[in-house]
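Below you'll find only one chain, the form predicted on its own, shown as structure tokens.
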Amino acid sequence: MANPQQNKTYESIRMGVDYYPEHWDEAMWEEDVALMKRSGVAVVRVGEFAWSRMEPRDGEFNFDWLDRALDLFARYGIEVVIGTPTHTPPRWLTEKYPDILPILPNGGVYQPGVRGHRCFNSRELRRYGERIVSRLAERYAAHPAVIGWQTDNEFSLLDSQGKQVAEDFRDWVYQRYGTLEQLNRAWGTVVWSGEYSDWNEVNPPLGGSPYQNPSFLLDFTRFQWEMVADFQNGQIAAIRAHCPDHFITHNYHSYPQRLDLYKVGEALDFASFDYYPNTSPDKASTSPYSGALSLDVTRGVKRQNFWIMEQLSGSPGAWMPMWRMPQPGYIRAYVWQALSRGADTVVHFRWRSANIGAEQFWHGLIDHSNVPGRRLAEFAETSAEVQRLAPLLEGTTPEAQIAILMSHEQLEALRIQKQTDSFDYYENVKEYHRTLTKLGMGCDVIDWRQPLEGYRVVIAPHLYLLDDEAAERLSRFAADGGTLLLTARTGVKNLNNVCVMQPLPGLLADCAGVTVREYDPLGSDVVRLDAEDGEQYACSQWADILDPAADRRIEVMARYGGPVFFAGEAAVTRHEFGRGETYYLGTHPEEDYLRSLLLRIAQERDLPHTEGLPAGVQVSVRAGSSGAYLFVLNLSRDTRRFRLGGAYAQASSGEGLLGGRRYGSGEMEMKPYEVEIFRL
């Protein structure tokens, strides 16, 4: 489901590093760049934290040092991405214009000294930020090394509450609702005497209490999404004015994000992600799957391939105690995992561990000793592999017939009003995705408003907020022959975050073929789930007690069991709807049940899959004009033995493109962090 208009400028398969020339004595630069070249570095990112060095005083610009660094990269044939430096406004600027510093919900000021100390609504930040970006773009538009730009760094929501934020929020609300009467009606402010009688009474949620009006809180978050996008758009315009042929991206991080990734991504050429898979032994069983979801989420931002702008190079340690150092093979394996799921370029953070500043123990490829060691050697070997296979993989992308719909509106609304103690929107998305990954089934994760053409199965978890357009589109998908999977907490509210007065699942009741007679918020309590084949499973979090429509073809696939008042009632149903079908899961079943259900769907819909993958082993397919390629990765700390089945059974009989091995059609054995690629 990739966007066919992907620009070849950034579609090249390559490796890179993040480098901070301003942190190192200039006498070290050329030795560093020469070693980068020998190690297979094709691209570097620079500049995203260097505003004070670029503009040491107001209007006094100093790019000479950056000129020399970029000229050096050009001389060695290494391409450069420049990060716009607005993540770290210099001290002279925040002293001159204190409104740049965010006012936090508790009334405190987000002071300089760390990073991210900038309010997206500050007019002075925008003016000065766009000025430095414009100067950079003008200066390096024709530089032979520069190929693109990264906006700012790792956007996130700050819940800034300053005076300018209040004015802008008031204007945003006015544009959205027009009159105080309409605003009061939409938000339901009559509760607790919260009605507005003057526009000046509309302010940010000072204090940040979670018990404030949920409609108001959701709209304040939507407002912030637009402010971040608008802040970025000013920078994009400044770059485009001078560099129309350069690409522009942004490096997302740490999912789930309260920030709406899709809104920020609209104006980008492609998305990027900062990928730090957890190296700790206690995370070894979950990190490969959480990472797989993060990569698929990033690909879904633009529905096309993406970049990794920061990839783990050593033990992280700055914001928390240091993690374990990556074992031999770990760096290589996770590069190939990123590439297998649609990354085209993988840039490692960072070249050398910093010997100054707060991130001294967020380790790079080279340690503080400045003696190249195991990790750099592994990077260099991986770079050589990537370079060798690039001609085959360029132009390929993951292809999926299954989509999981993700919604930042659902995520935020369910954060504002947590449904039960164990109910977590993103963790539940993660569980569906993990189950598909363990079955070797490719999956796109896309914005819930995106078109669904080309997919055969759509999983739509917890559509808590729903409107006519979304309900009609999903119903049409099922009626036209698709398989739609809905879950509990669907159709509870309208988009104003107001509960609807109709039986659940609300606007999707006809498509689901069931109504919810009653529900029980189970939380962490576990209830037995009796499947139609006699197998017993566990479920928790929530229990919708379902009434199947008497005049429809409804299959009850599982019922509640055990000592609960709703024992024997329908919990999971399948509705033959038009030419397709709709499954409704009124509870959150354990993974074994999800596996049995999704395996049944895969078999009935003839979707590529494989059974029996051991823990930590993942398969992915990239395809394009050069052919289709199966990636098999053991992302665990142990040797794994398994047999590829289904659509992939014959793949291993060919010669592996990485190791040159032939496994035959029998059992495969892969050592910890071993990777192989086969032509399908």
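In this text, all values refer to a predicted model and were calculated from it rather than measured experimentally. One rule holds for the numbers: they count along the sequence shown, beginning at 1.
Unshown form predicted together with a small molecule; subsequent notes refer to it.
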Looking at E124, D269, E399, E359, which is the one with a non-hydrogen atom within 4.5 Å of the small molecule in the model of the complex? E359
Of E130, D274, D99, D530, the only residue with a heavy atom within 4.5 Å of the small molecule in the model of the complex is D274
Does E79 reach the small molecule in the model of the complex, with heavy atoms at most 4.5 Å apart? no
Taking heavy atoms and a 4.5 Å cut-off, does Y663 contact the small molecule in the model of the complex? no
Does any part of N251 reach within 4.5 Å of the small molecule in the model of the complex? Heavy atoms only, please. yes
May I ask you to state whether F565 is within 4.5 Å of the small molecule in the model of the complex, using heavy atom distances? no
Contact segment among 147-155, 535-543, 383-391, 489-497, judged by heavy atoms lying within 4.5 Å of the small molecule in the model of the complex: 147-155
